[in-house]
Structure formats: C-alpha cells, structure tokens
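Form predicted on its own, single chain, as structure tokens, below.
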C-alpha cells in the first residue's frame, strides 16, 4: 500500500476545492484523523522545505494545494482568467455580511443607507454568501452569511481569521516612534 501522505497528496492534487479532514477520513477507513493530520503536516513541511512553486495551505475549513503568490504574474501569462471583480458597493456589502453575520437585509441596508437587493442577489449568484434561513420575527426575513467559497477566495481558514476592525483602521495611520 502507498504511503498515506502520497495518497493524501493525490487527493489534494485532483480536488478543485479544499478537502476537509472528514472527507479524507471517509475515503481512508484504515487510518484516523490524527494520522491524516500528521501526514498532511509532513507534506506541508516537504513543500515548504523545497521552496518550489506549490504549497499546501489550510483554507476554508480544509486543505488545498496552491501555487505560491510570488508566481502569480507568471501564471497570468499562460492562464487567462475571467475573474470578475466586485464593485466597491458589492465589497462593502460583502464586508458587512462577513463581519456582522448572521444578518438580515434590512440591517445591511441600515448600515449602508441604500437598497442592497441587487447586490445581495449577485453575491448569492457568485456563491460568496448564502441564505441561512429566516429570522423568527414578523415578516420572517431571510438571514445571510458567508460561504466556504468566500473563505477559499479570500484565503481564510475560518471567519475568525478576518482582521479585526481596529487592525484595518490602523492601516492608514502613520507609525510614530516611541520616545527613548
């Protein structure tokens, strides 16, 4: 039987989306989650030590092989992506949902001050957000949250990995040296 890490590497190579430990465990009845984690760490160490163009990252609740960001310009020369950009209004709406989830449309509109129906539909179509259900209040409005695909696109392991609002506001401030 091939070594576990090579089996996992083949899973990761053919998968278009991050693979969860649960999914890998279901395909490997002869091993436990601890063994899978150890094999993944061994693979990650090998990729990191090699310092090649591929790395193993933990993203969106799973694991995925990706090219290193420093090779993005080279990859663009051979692969023409049809990446659709988000408008500033869509990014603002997505940020509100990400930081305030679960959230109703009326709360989003209260924060933004404008109608967000079209933007929410577009974010749903792009699978960046999902409908969690309905709030148990009069009118039973829909409740929105981000998806695993959102985490994958933004390179986040978990929604908790979003930068804190204070960290974002500090980005524009000049660094002041403390007196000696």
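Predicted model, so just to flag it, every value in this text is computed and none were measured. Residue numbers count along the first chain shown, from 1.
Another form, the form predicted together with a further copy of the same chain, is not on view; read the next lines as being about it.
Although the partner is absent here, residue 121 is a contact residue: one of its heavy atoms lies within 4.5 angstroms of a further copy of the same chain in the predicted complex.
In the predicted complex, residue 38 stays away from a further copy of the same chain, with no heavy atom inside 4.5 Å.
At least one heavy atom of residue 67 is located within 4.5 Å of a further copy of the same chain in the predicted complex.
Although the partner is absent here, residue 45 lies well away from a further copy of the same chain in the predicted complex, with no heavy atom inside 4.5 Å. Counting a residue when any of its non-hydrogen atoms is within 4.5 Å of a further copy of the same chain in the predicted complex, the hits in 122-136 run 122, 124, 125, 126, 131, 132, 134, 136.
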